[in-house]
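So this first bit is one chain, no partners, the form predicted alone, shown in structure tokens.
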């Protein structure tokens, strides 16, 4: 179970948060290695679309800026390309830190749980249908699950990001890529659902 967040101090720079991240966030114990070289932010294909790039997020964690970090859109704009992690000269798992911070933001009420549930459903739909995620379809399904006009609004707002991902090879054009044995995957998922239902009945 994740430890409770430290209380926000009157001074927003609270080192209790830095220690909390170290002890509770995956990869957080590596943050002390960061030398603020900027390789992570410089490697990020959509860093300019984030309110705070990866380098700045690490600096903010160290400064104890709990509310600013957990409310940052950086946690949700990350595309998990792992370039920051691969190019970090100190071996800091930046992507893992950002991903786990996003999960903690939901857990502690900094993110909209309904929206995240809708995103999770969209992600699972792509995974179960194709055996892998297709960023275009996941994003489109998620945006339009919030309503037609909201889907259009968000799509247009993120068009620059999408074009950047296409240019850097993070998002392809054309038909969705599928794994070879979709039938096998479907059978595995169906059996997993049966096992889950059986376990739920046993608990009643």
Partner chain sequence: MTDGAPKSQTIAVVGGGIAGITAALEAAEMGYDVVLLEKGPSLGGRVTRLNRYFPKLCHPTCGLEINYQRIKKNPRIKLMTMSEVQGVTGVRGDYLLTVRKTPRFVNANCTACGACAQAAETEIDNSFNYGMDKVKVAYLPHEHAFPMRYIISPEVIGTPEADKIKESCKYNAVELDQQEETFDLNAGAIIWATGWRPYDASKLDVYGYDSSPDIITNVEMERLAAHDGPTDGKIIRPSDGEPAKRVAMIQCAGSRDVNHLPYCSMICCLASLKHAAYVREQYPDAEVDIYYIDIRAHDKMSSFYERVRNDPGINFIKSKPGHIVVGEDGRPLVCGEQIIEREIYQRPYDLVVLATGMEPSRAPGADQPVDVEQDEHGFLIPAVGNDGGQFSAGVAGGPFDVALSTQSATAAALKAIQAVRAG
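Residue numbers count along the first chain shown, from 1. Given the structure is predicted, the values throughout are model-derived calculations rather than measurements.
In what follows, reference is made to the form predicted together with its partner chain, a form of this protein that is not presented.
Q: Spell out, yes or no, whether the shortest heavy atom distance between residue 75 and its partner chain in the predicted complex is within 4.5 Å.
A: Residue-level check for residue 75: no, no contact with its partner chain.
Q: With the partner left out here, check for me: in the predicted complex, does some heavy atom of residue 159 sit within 4.5 Å of its partner chain?
A: Looking in the predicted complex, residue contacts with its partner chain do not include residue 159, since no heavy atom lies within 4.5 Å.
Q: Whether residue 88 contacts its partner chain in the predicted complex should be assessed with a 4.5 Å heavy atom distance threshold; does it?
A: Answer yes; at least one heavy atom of residue 88 falls within 4.5 Å of its partner chain in the predicted complex.
Q: Please determine whether residue 149 contacts its partner chain in the predicted complex, using a 4.5 Å cut-off between heavy atoms.
A: Because no heavy atom of residue 149 falls inside 4.5 Å of its partner chain in the predicted complex, the answer is no.
Q: Can you tell me which bits of 48-86 touch its partner chain in the predicted complex, meaning any heavy atom within 4.5 Å?
A: The stretch touches the partner through 48, 50, 51, 52, 53, 55, 56, 83, 86.
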